[in-house]
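First comes one chain, alone, set out as structure tokens in the form predicted on its own.
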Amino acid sequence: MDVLLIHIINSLLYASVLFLIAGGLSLIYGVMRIVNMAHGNLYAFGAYVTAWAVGTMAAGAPVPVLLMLLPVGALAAAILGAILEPTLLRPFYRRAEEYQLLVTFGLLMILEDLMRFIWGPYPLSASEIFENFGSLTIGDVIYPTYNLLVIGVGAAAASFLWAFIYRTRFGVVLRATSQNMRMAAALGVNVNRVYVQAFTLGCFMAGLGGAIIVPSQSAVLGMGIDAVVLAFIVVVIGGLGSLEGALVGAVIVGFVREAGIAWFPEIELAVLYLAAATVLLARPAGLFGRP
């Protein structure tokens, strides 16, 4: 029973981080109809900035101060997104989707080299936070306390995002723009401003995912590509453009991935791709997506 509980907690841990990445990806697509291939490296950028900030302040700093540095990576990713959307992506909105895919894939490569240039090829760690949180005992198993904080952040982010989009005036404007951009513009909505705000929020979510995971695993080159692959599996299952789908898809992928690691480690990714293929065959738009 104790081992089963640990597997469930690990599944929720994966799901929390995946929701932050996939939720941002779905939000950007739902509003702007852009499949952002560079989204995974915004996650990696948030991880690198947080690891650098914590590493710089780690000597003698108390744990509350180090915790306050966690959102730094998310804010850095949001600022980067606010710069990239009007300067690089906006000229491609009216072009065919293949142009958008090419430019965001090129951005993925540029961000990868930028992180290599700034921080070098070696991993960066923020393990001081993870170590200072200690561990707790679940039955006969010792489990890191910090992982529970990550699950809490994921749950809080999901609740905040739902309330922000469905219970605020800005959320109404955001949904109106996503459903009919021309009509929203005719009614006086500044569509360009909504786009940059939506893209910035999506980048913030990706950066937050990197920021909260880096204390338990180092920031390394290539982590963004691995993350975006899993994020696309999540949105394929849940439905691209649906936040509810991103949440449900993240939970499904989290549990399937944990089961694969525990019992079928050799075919862990194959099981995830099989789950995505099964959903595509039964419901091509995803569980919550619209054709």
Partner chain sequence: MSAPTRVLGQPRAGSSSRALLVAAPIAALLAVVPLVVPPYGAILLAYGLVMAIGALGFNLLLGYTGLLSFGHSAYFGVGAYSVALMVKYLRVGSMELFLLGAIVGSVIVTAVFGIVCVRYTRIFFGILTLALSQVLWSLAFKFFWVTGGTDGLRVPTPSLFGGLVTGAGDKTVFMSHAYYYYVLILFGACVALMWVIVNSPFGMALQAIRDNETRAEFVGVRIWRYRWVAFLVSGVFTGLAGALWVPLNGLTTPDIMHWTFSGELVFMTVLGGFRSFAGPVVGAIVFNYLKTYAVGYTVYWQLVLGVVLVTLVLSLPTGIVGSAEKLLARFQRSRP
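Only a predicted model underlies this, so the values are computations on that prediction, with no experimental measurement involved. Positions refer to the first chain, counted from 1.
Below: the form predicted in complex with its partner chain, not depicted.
Looking at its partner chain in the model of the complex, do all three of 128, 136 and 142 come within 4.5 Å of it through at least one heavy atom? Not a single listed residue reaches its partner chain in the model of the complex, so no.
Residue 232, heavy atom within 4.5 angstroms of its partner chain in the model of the complex: Yes, contact at 4.5 Å.
Might residue 236 be said to contact its partner chain in the model of the complex, defining contact as any heavy atom within 4.5 Å? Yes.
Verify the contact flag for residue 109: yes if a non-hydrogen atom of it lies within 4.5 Å of a non-hydrogen atom of its partner chain in the model of the complex, no if not. Within the cut-off, so yes.
Heavy atom to heavy atom, is residue 62 within 4.5 Å of its partner chain in the model of the complex? Contact with its partner chain, no.
Heavy atom contact within 4.5 Å of its partner chain in the model of the complex, the stretch among 78-86, 168-176, 101-109, 207-215: It is the stretch 101-109.
Which residue, 96, 187, 156, 163, has a heavy atom that falls within 4.5 Å of its partner chain in the model of the complex? Of 96, 187, 156, 163, the residue with a heavy atom within 4.5 Å of its partner chain in the model of the complex is 96.
Taking heavy atoms and a 4.5 Å limit, what residues of 209-225 are near its partner chain in the model of the complex? Read in sequence order, the lone residue that approaches its partner chain (within 4.5 Å, in the model of the complex) is 225.
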